[in-house]
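Given as structure tokens, the chain that follows is alone and in the form predicted alone.
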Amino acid sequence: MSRLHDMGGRIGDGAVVPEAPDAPVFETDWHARALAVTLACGALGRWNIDISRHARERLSPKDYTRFSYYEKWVSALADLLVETGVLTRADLMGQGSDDLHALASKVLKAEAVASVLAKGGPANRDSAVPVQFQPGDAVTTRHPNGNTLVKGGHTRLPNYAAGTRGKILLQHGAHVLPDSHAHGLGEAPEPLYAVVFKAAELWIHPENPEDEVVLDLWQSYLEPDLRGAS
């Protein structure tokens, strides 16, 4: 069962309207602050990127639909701070202690931001899981698309691509499996592939049937398709 955030290809949400080339990076000042505080809190080392993504997905449907992009970020961050014991609800309401926080030594200083962003968070790893597919191989994605390890858990296989036929385009090596990493079950690295799908395979009424969509998908999301790729 997918969560509300998994809305790719859904009918009724209207066209995607790109921003003008000269649009500001941040629409308002607080959007920039939301990004900054999210990065700063991530540097505390209490969660990983997959946990943070899942926190946004776990927002209530009512909140998820009415919140803007950065409201989702801030709300999920507040949940993570409380869930991991970094802050209390009283702290978030400005009613906590003024004592120096135990994690103060991990503060991300302004002068370190550029190097931290440049370093990123590479997810490529060595893995004992053997590579099962090669470029050109026909595959079928898992259906249903949900996390097989945790009920209602995080996954990077979108619902619109579940149970569809595609072709391996590239093999990216082994990468951390989000389905495991988002739930504290370990990195569980496995082979990652770029898989290409025809639009006609993904949607009943594609505007351009011969258009292609490329998704990066983990090996456990895929099965061999002996019929051949479309």
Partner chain sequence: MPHDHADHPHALLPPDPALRVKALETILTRKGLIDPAALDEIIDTYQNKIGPQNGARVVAKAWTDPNFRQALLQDADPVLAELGYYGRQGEHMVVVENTAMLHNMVVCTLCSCYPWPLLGIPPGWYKSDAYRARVVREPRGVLADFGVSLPVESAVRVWDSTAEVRYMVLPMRPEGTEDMDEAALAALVSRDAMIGTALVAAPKHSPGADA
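If you're wondering where the values come from, they're calculated on a predicted model, not measured in any experiment. Positions refer to the first chain, counted from 1.
Same protein, other form: the form predicted in complex with the partner chain, not shown, and the subject of what follows.
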{"query": "4.5 Å heavy atom contact, His175 and the partner chain in the model of the complex", "finding": "yes"}
{"query": "4.5 Å heavy atom contact, Asp126 and the partner chain in the model of the complex", "finding": "no"}
{"query": "Contact flag, Asp63 vs the partner chain in the model of the complex, heavy atom cut 4.5 Å", "finding": "yes"}
{"query": "Touches the partner chain in the model of the complex: Gln132 (any heavy atom, 4.5 Å)", "finding": "no"}
{"query": "Any residue of 41 to 55 that, in the model of the complex, places a heavy atom within 4.5 Å of the partner chain", "finding": "Cys41, Leu44, Ile49, Asp50, Arg53, His54"}
